[in-house]
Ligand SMILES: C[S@@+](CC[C@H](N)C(=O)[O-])C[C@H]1O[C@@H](n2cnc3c(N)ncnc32)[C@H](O)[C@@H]1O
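A single chain, nothing else alongside it, follows as structure tokens in the form predicted on its own.
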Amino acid sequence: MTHVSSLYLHIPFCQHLCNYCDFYKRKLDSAHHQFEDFHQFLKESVSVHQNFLNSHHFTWAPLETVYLGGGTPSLWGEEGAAFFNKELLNLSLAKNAEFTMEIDPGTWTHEMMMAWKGIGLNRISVGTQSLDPQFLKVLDRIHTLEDTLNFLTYLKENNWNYSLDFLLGVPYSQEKKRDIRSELETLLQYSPKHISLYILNARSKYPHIQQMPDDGYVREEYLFVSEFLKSKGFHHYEVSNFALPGFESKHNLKYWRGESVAALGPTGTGYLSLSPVEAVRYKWKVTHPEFEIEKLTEKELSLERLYLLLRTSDGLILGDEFSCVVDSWVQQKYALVNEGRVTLTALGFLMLDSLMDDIFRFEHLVKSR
């Protein structure tokens, strides 16, 4: 039997559905019994999921990482901690497990935090996005700057390990000259250990699509933040992630290194590594406890692993088959080669999709000869 020791759980409820967010979520209505229905969904999912694991010769090991994402998982509150402890923690936590919950400012209480801490929660991911009130409004966030600073003060004073989400490419940021440096300097006063940096990818019907900054502006934002955070001791260890040494997200590293991660909850997506040349991905449906299954071919798995390795500062071992492509990347300052290992620069991270296109074109050229 093969072991799986990581779990992602999707909690889909939000107080407000922000207009830029594409994750699956539902508006929480206190007049309905949504959490009761959610609990029933999860109870039924557990047995379905166990049969799926058994069919692929997988069994649970003590959980090394748990990640509660959403939605806004903190809305699950103390009730959620009790349910999770009763229905799911029979899986048990490994010693020194990393147990993360996403929390938006203004959606927590001390009692809720203590309830979850009591069952192992030890890492928080804060949905900050911006520290400028005018951009919080543009982003359709309902929390205020005061909400954010109050929560960061609480986390700092109580010695929580936490990460911050920070959003670039925000509408009107070019016209209004968003002061990224000032926002980051303020955030760093609260001693975060980790920062996740995302670029807003607006869909065609996004209300502010005409006010999005141009690609050149966003590129300069990203490169500035990368250099700024590195100057403050943060390691740019993945395209969108920075950490002080030793505080990298263990859960997300599992994904990027192609390790197995189980999943529960509506749209929760799990991954089982069956062998060096086989893997299966599954995604839960939203209406009933079933999931869709995607079997990855050896070719798909090879390209996915290549892509994931290039996303991280681990990089990959340079093989002769792509040496001429990598030489071009080095010349354009997209990559570095050190002792036979290729790692991307911040500019390379930003250009990753184009760099993968280089590999596809090169492979096609070789095969057509």
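Since this is a predicted model, take the numbers as computed values, not measurements. Residue indices: 1-based, along the sequence shown.
The form predicted in complex with this ligand is left out here; the points below concern that form.
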Is Asp104 one of the residues lying within 4.5 Å of this ligand in the predicted bound form, judged by heavy atom distances? yes
Although this ligand is absent from this view, report whether Met356 comes within 4.5 Å of it in the predicted bound form, heavy atoms only. no
So, Thr72 and this ligand: in the predicted bound form, are they within 4.5 Å at any heavy atom pair? yes
4.5 Å heavy atom contact, Asp165 and this ligand in the predicted bound form: yes
Sort through Leu253, Ile180, Ile199, Ala81 and report the residue having a heavy atom within 4.5 Å of this ligand in the predicted bound form. Ile199
Though this ligand is not shown, can you say which of Thr100, Thr148, Gln129, Ser173 has a heavy atom within 4.5 Å of it in the predicted bound form? Gln129
Among 242-250, 283-291, 114-122, 200-208, which stretch has residues with heavy atoms no more than 4.5 Å from this ligand in the predicted bound form? 200-208
